[in-house]
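Taking the form predicted alone, here's one chain by itself in structure tokens.
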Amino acid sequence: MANENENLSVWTSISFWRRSAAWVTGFAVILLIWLTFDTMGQISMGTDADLQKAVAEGKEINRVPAPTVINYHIDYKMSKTRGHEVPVIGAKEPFFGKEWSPKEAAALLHLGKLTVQAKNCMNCHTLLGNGAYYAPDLTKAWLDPAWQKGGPMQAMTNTGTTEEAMAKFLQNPSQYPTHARMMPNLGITAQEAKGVVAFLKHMSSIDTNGFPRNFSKTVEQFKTGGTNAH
């Protein structure tokens, strides 16, 4: 029979493992709670006041800006400190010829989101990492130089702004052949098209930690005459 006073290894102690499991579980619960609140703060939409202050002071905006970001110029530039591209919000610019109030902008974005859902856009496209890969990723579609001034889509649709070109295309895409995989006509109305374009512009302003990757390289290829995959 083993000596009752014999010193046993801590690694064979049931009480040690019970205490360890309790501490690890407690720490994991606390960490999970902290990460949940941190994530909620990161994905919560900012306010118009936050946006105006950030633009005026030249500071980084909330990860998800207020709907009124559609009233501003949006660019996408490499951040040396972060090692990937980040959205840059510039001066105000008209969107469909006007400046939208916070209430109007929120309503337009809501219409755009509902239209994207109702038309099942994610059956073909990818939005913020979700969806299919049959058609181009739309996360930063607003920034695609093909839709910008001097780009082929404005010339093809006979329009003068990015938003007008996008809206006109969405209402009757079969009139504007852009790819071997043609987008079907989905019966999108003029107002719904405005909403979808607002939704796309708002998405382009969201800090997605450089997603989709290599988008800036695609832009440079386009500017130098290369192939644009978006």
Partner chain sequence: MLTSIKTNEFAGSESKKLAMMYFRVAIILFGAQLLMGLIAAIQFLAPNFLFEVFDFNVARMVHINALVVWMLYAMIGSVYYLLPDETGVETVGIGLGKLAFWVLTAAVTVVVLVFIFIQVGPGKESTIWLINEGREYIEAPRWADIGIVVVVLIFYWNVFATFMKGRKTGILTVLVADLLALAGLYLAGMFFTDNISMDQYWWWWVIHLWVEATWEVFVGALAAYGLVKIINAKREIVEMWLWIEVLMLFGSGILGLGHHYFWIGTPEYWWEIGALFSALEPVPLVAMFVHVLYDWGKEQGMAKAEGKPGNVVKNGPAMAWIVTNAFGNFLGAGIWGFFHTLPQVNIYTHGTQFTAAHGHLAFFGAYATILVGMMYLGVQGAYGVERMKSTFKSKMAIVLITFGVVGMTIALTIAGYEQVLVERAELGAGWDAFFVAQNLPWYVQAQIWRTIMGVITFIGFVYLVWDLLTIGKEAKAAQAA
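Numbering follows the first chain given and starts at 1. Please read all numbers here as calculations on a predicted model, not as lab measurements.
What comes next is about the form predicted in complex with its partner chain, which is not displayed.
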Quiz item: Heavy atoms within 4.5 Å of its partner chain in the predicted bound form: does Q154 have any?
Solution: no
Practice problem: Would you please decide whether E163 lies within 4.5 angstroms of its partner chain in the predicted bound form, comparing each non-hydrogen atom pair? | Solution: no
Exercise. Give a yes or no for G90: in the predicted bound form, does one of its heavy atoms lie within 4.5 Å of a heavy atom belonging to its partner chain?
Key: no
Self-check item: 4.5 Å heavy atom contact, D38 and its partner chain in the predicted bound form
Solution: yes
Practice problem: Would you mind picking the one in A56, A190, A49, L32 that has a heavy atom within 4.5 Å of its partner chain in the predicted bound form? | Solution: L32
Practice problem: State the residue from R82, K149, H73, K77 whose non-hydrogen atoms include one within 4.5 Å of its partner chain in the predicted bound form. | Solution: R82
Quiz prompt | Within 4.5 Å of its partner chain in the predicted bound form: residues from 44-74 (heavy atom criterion) | solution = S44, M45, R63, V64
